[in-house]
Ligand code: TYD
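Okay, here we've got a single chain as structure tokens, the form predicted alone, with questions on binding and movement later.
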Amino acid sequence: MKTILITGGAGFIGSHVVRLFVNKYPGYKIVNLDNLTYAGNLANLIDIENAPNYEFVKADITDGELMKMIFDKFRFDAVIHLAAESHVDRSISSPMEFIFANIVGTVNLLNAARQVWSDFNGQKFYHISTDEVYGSLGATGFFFENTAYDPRSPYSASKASSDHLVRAYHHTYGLPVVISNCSNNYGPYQFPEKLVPLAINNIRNNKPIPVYGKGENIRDWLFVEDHAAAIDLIYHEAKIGETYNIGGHNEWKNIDLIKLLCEIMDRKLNRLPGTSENLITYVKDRAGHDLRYAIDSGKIQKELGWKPSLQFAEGLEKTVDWYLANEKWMKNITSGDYQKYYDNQYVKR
């Protein structure tokens, strides 16, 4: 039985990866390590929390000694590292939180893995990162795996630093690593500071939908379950030392995405067409707001056979349906009551 550590497994992307691995690989022991900050939510994993091959550990990756103790206890065969501070706006107001979590936290995990994996025989340290490390694109072109790094925010700079450190540990110490960089994820269980769930929640509650600048910034959108499937493939099939870009081939201007969401929500809520669009409110643009991201995912498609399963409109419909059917989940995490749930779950364990 392999024992796999998934960090940040109570978060948005992490919870989908944990669920996939717990259900698909009953012969693996999956250890979900999460510090349960504001965006970590054990309610994301209620359906598998009692699975025999699943264990939750509440811990902070910035605590290096604790990471060594946990690695000594479980003797992990692999690490899938998703734990990170990830919201650009928060990085602008509180950059040091991102330095500690994304850089120091990653180094602590690398050191713990290096200490426990003395022979580097069959282990793998898989680091999940973002396309934002590449900087900003103009009207044309794509990010490739060999695109030079040019981070523009404290968040992307901290992720770029962690990427470099993972590669440095591979080249310096021989640590067996792989890296992937993904485009913007959307789907169920995403904390509503992000654009898609924020807009859905505000439309449902007839609140203004904030749009930066003129809404002309372009992002490539990837359905979270497609991302989890790519992570599964990379973990099992990728060669050590490789990097893969994961993108949805779904480029949308922010304002066009919001208008599509408004159209879908009006239909789902039986409102007159155009009702929700009246909630759009243009606000001052974010500092250092990158114009366009677009990923070329040809390498993972060619080498590992991965491709997105959903077109964006289909994935967005599925996402809206989930949020409308899980109003209690949304109310809990936006009311503060979710902290009580965390505490109760941790005491039980």
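One rule holds for the numbers: they count along the sequence shown, beginning at 1. Please read these numbers as outputs of a predicted model, since none were measured by experiment.
Although it is not shown, the form predicted in complex with the named molecule is what the next lines describe.
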Taking L165, A168 and V177 as the candidate spot, are all three within 4.5 angstroms of the named molecule in the predicted bound form by heavy atoms?
-> no
Pick from N250, T243, N217, S161: which has a non-hydrogen atom within 4.5 Å of the named molecule in the predicted bound form?
-> N217
Heavy atom within 4.5 Å of the named molecule in the predicted bound form: which of L260, L233, V116, L198?
-> L198
Does P210 reach the named molecule in the predicted bound form, with heavy atoms at most 4.5 Å apart?
-> yes
Can F223 be called a contact residue for the named molecule in the predicted bound form at 4.5 Å between heavy atoms?
-> no
Within a 4.5 Å heavy atom cut-off, is E193 in contact with the named molecule in the predicted bound form?
-> yes
According to a 4.5 angstroms non-hydrogen atom cut-off, is K268 in contact with the named molecule in the predicted bound form?
-> no
Options 22-30, 312-320, 297-305, 284-292; stretch whose heavy atom lies within 4.5 Å of the named molecule in the predicted bound form | 284-292
Any residue of 239-267 with a heavy atom within 4.5 Å of the named molecule in the predicted bound form counts; write them all down in order.
-> N254
